[in-house]
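Next up is one chain by itself, shown in C-alpha cells, the form predicted on its own.
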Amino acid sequence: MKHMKYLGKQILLELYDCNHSKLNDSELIAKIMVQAAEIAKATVVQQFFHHFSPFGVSGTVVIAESHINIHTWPEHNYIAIDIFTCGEELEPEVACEFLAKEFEATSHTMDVHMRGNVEEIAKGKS
C-alpha cells in the first residue's frame, strides 16, 4: 500500500473528571495551553480566552502551525480540546498527555484525524 501524505493532523482530546477548581480559571487555562503548545514544539502566535458567566472558559492559542482550542464545562468537570497541527516536527500527542496531567483528568480519549489528503487535493487540481 502506498504511503499517503497529509497536510495536517487534528486531535480531538476529551478530558473527564478534571480538577474542578482549574476549569473556571481563564488565566491558569491560558498558561497551561501555551505550555502545551510549547511542549508540542509549536510556535505561539496569539491567544484569546473568554470566561463565560456564570462559568466555563473557551479559548484559542493560534500557533504558526495552526491552532489549539479549549472549551471547559466546570459543571461537568469536563474539557474538550482540539489540536490542529501542520508539519512533521510537532508532537501534539505529547501536548495531549501534558494537558491530561495538568487538568488532573482521571480519564481521557484522543481521536486522531489526518486532514488534507495530498493525493485527493491533487485530483481536484487536474
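The numbering used is simple: start at 1 and walk along the sequence shown. All values reported here derive from a predicted model rather than from experimental measurement.
The same protein has a further form, the form predicted together with another copy of the chain, not shown here; the description that follows concerns it.
Engineer: Of the options 86, 94, 34, 28, which one has a non-hydrogen atom that comes within 4.5 Å of another copy of the chain in the predicted bound form?
Structural biologist: For this set of options, the contacting one is 86.
Engineer: Using a 4.5 Å heavy atom cut-off, state whether residue 117 contacts another copy of the chain in the predicted bound form.
Structural biologist: Answer yes; at least one heavy atom of residue 117 falls within 4.5 Å of another copy of the chain in the predicted bound form.
Engineer: Hey, in the predicted bound form, is residue 39 touching another copy of the chain, heavy atoms inside 4.5 Å?
Structural biologist: No, residue 39 stays farther than 4.5 Å from another copy of the chain in the predicted bound form.
Engineer: For residue 10, is any heavy atom within 4.5 Å of another copy of the chain in the predicted bound form, or not?
Structural biologist: Output for residue 10 is yes: heavy atoms within 4.5 Å of another copy of the chain.
Engineer: Is it the case that residue 62, even though its partner is missing from this view, gets within 4.5 Å of another copy of the chain in the predicted bound form, heavy atoms only?
Structural biologist: Residue 62 belongs to the contact set for another copy of the chain.
Engineer: Only counting heavy atoms and a 4.5 Å limit, does any residue of 74-92 reach another copy of the chain in the predicted bound form, and if so which ones?
Structural biologist: Stretch hits, in order: 75, 76, 78, 80, 81, 82, 84, 86.
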